[in-house]
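As a starting point, one isolated chain is supplied in structure tokens, in the form predicted on its own.
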Amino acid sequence: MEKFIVDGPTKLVGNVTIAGAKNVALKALVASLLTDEEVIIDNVPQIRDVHLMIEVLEHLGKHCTFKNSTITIKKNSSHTCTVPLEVGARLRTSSMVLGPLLSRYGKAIIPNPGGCRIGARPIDRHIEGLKAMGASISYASADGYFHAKVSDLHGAEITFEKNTHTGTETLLLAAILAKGTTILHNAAQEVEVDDLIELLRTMGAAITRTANREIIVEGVSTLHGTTYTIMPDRNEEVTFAVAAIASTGDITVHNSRPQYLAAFLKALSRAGGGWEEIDTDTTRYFYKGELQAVDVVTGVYPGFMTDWQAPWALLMTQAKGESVIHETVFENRFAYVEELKKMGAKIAYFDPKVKNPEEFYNFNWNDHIRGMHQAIRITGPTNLHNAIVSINDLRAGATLLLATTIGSGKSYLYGIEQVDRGYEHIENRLTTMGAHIERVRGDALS
């Protein structure tokens, strides 16, 4: 068991380069299953989830070489269509191999996928779409596996009831080698989806966005290998932007893509946070004076991302006044709040009055848990202090690490494997900017 020991407070000053997007890298690796030819992916982050996906691929018959930030994927002499429970159950995106395996081999056996526990995150939207394309899929509770088979995967016209990022990508990956045309309505518009589409086009896929939230895929017989560089991680950029301003510091971000952060930057400007574009891929984030409380509502692209709400909550603990965060994408994403409250944050839960919540919220309203809240009020500014805190999901983990960095005294963070899932050596990068963070093995306090 590992933990972080953090001494604060620290004003973070320096430079950082944004790593490749986690939410593209994992799907790009899955895409390699669509061909026997060599696939080379550049700008891949050295994170735990990538290594888990490599394990999945190697169990399915691929040979992967990960050097620096480049993964080279080649075909092995044999393959299987079963993802082992001990690998797939630790990784949410392991379910995405269903499409490539069904389209190429006609069968797939995968465990119930894992990952962050920030809500039900059902894969029923993926399953329903694959069934519409001709697949037979059943879940065996006795062994914890989905068993899928198909004689010929075919195109279909599919409308997602709710916006689904992973569901859109899962059916894209299935449709590419399916017979005929697939039309996806209410498809996700996230820039990570477009980056995956561009990768697939370089492999020979025929994919077009023809209307708002509509994607058409014309099935092709084969795909070929490719070399592709994935986009930077916009969630990581937001994390370092908050790190700079919440710590009253000044951080220059390289490999920046502010054009993907419009909703965040709009809110940041209203709050009085400083930022400026230095050149086409460099942005400076800096504290320029007292911050003001700003309300946000999370939503699907191009709205304020659900992945940004935890770091935004931290920023608002340093802002003057009362701010509100209304979470509409997931039904259980405020687990970090109790940990911030341990550090002195003044945060209260509440439930906004919403007409037709079944339609308003992007999750299945039936999955809403009694007693869970969809919004919080934050009163600031607050001087955070040291605490022993626990991390239960990726973005919350990065937020709590930043909170202990700006809080006074020595703090201990447990569950740091969640942070490792999506941030490449984050403690080392923060240390270069002045933070005092130590990664320690074992349970004992020191």
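In this text, residue numbers run from 1 along the sequence as written. Model, not experiment: these values are computed from the prediction.
The discussion below concerns the form predicted in complex with a small molecule, not included here.
Query raised in the report: For this chain shown on its own, do T70, D195 and T227 all sit within 4.5 Å of the small molecule in the model of the complex, going by heavy atoms?
Result: No, because T70, D195 and T227 lack any heavy atom that approaches the small molecule to within 4.5 Å in the model of the complex.
Query raised in the report: Quick one: of L223, A135, I245, M305, which gets a non-hydrogen atom within 4.5 angstroms of the small molecule in the model of the complex?
Result: Flagged contact: M305.
Query raised in the report: Looking at T93, T182, S103, S256, which has any heavy atom no more than 4.5 Å from the small molecule in the model of the complex?
Result: Looking at the other structure, the residue within range turns out to be T93.
Query raised in the report: Does any heavy atom of T166 come within 4.5 Å of a heavy atom of the small molecule in the model of the complex?
Result: Yes - in the model of the complex, heavy atoms of T166 and the small molecule come within 4.5 Å of each other.
Query raised in the report: Does at least one non-hydrogen atom of Y287 fall within 4.5 angstroms of the small molecule in the model of the complex?
Result: Heavy-atom contact with the small molecule at 4.5 Å: absent for Y287.
Query - in the model of the complex, V329 touching the small molecule (heavy atom, 4.5 Å) - result: The answer is yes: V329 has a heavy atom within 4.5 Å of the small molecule.
**Report entry** Contact label in the model of the complex: L394 to the small molecule, heavy atom within 4.5 Å
**Finding:** The answer is yes: L394 has a heavy atom within 4.5 Å of the small molecule.
Query raised in the report: Looking at 361-369, 288-296, 137-145, 271-279, which one sits within 4.5 Å of the small molecule in the model of the complex if you count heavy atoms only?
Result: The contacting stretch is 361-369.
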